[in-house]
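The form predicted alone is given below as one chain in structure tokens.
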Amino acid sequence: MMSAAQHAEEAQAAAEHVGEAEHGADEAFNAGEVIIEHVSNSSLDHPILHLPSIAGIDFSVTKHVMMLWLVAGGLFVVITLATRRYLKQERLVPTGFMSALEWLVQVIRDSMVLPNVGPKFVNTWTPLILTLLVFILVSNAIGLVPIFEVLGLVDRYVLSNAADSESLINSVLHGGSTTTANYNVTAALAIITFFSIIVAGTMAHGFVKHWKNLVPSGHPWPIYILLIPIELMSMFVRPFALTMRLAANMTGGHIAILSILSLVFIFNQVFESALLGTGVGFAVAVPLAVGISALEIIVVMVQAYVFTLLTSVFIGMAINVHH
């Protein structure tokens, strides 16, 4: 009986040990989960604001929706106030922020829109190109600022809220803040470009003539059997390329930075040495992450410029068909 009792106690201890090991494995650092949560939108399980579903569509406000509102609203308020303040002044020469804003408008109009769409439609399409550039640039840049990470530290160590609490700050932490890394956002911007091309061609040549201009005239009719499907396909390839290029570049940089920083926790976990993990962090991970972050600053500006430049080029192609 004593032997049976000892075996029972050993079995219970082994079961508890296995349970503790499984619990520890569940709490182990998961680099993939951390990276995906950072670059993706907040799930419907952690929305910022719960709203009822309409026609099977959940209209709850997620993190990317909130960031879209913040960027759009912030730009509207800042630019509107600066413009109204300038118009109330007696002098015509702008200063400060308004001077930089006027320089940006002139550069976009004279070096990007005018060479592509021509002088007749330059004032028609400059507002759209300028709006796309500023919105994409600010949306890209704000994703590099660790706003919500700082809020998370405040929530944990200043407000003393648990990681699984239902506080407003904790609900904001789920999901990344780079809205242009969301393919839905870049697809919406590309759709604006798609319809702008059709509108520009219609305004310049008329509705019927615009569609005729998709293929060059004067060729034997068998050639059009190949040209028409190719040109129609290219209409959809252009916005698709704009969608994928912007979102992929914004996502790739964050994945690279987080993957490198994850080496600190992976080495710490694998070798069970905090000293080794810290050494890898300071010697390898942090310098590489800083370098990629500096590269990301360039990518932020380049991708905003490329998207708007290609939009201007595509609109110009619909207007100036003979070129």
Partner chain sequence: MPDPSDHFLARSLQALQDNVRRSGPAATAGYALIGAILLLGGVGHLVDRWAATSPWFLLTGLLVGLVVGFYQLAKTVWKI
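Quantities reported herein were computed from a predicted structural model and do not represent experimental measurements. Numbering follows the first chain given and starts at 1.
FYI, the form predicted in complex with the partner chain isn't displayed, but the following is about it.
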Looking in the predicted complex, is the partner chain within 4.5 angstroms of a heavy atom from every one of F282, P287 and V299? no
If you check in the predicted complex, is P216 within 4.5 Å of the partner chain, heavy atoms only? yes
Looking in the predicted complex, any heavy atom of R238 within 4.5 Å of the partner chain? yes
Is the gap between G96 and the partner chain in the predicted complex 4.5 Å or less for some heavy atom pair? no
Against the partner chain in the predicted complex, would P115 count as a contact residue? Criterion: heavy atoms within 4.5 Å. yes
Interface check vs the partner chain in the predicted complex: of I147, V208, L227, L153, the one with a heavy atom inside 4.5 Å is L227
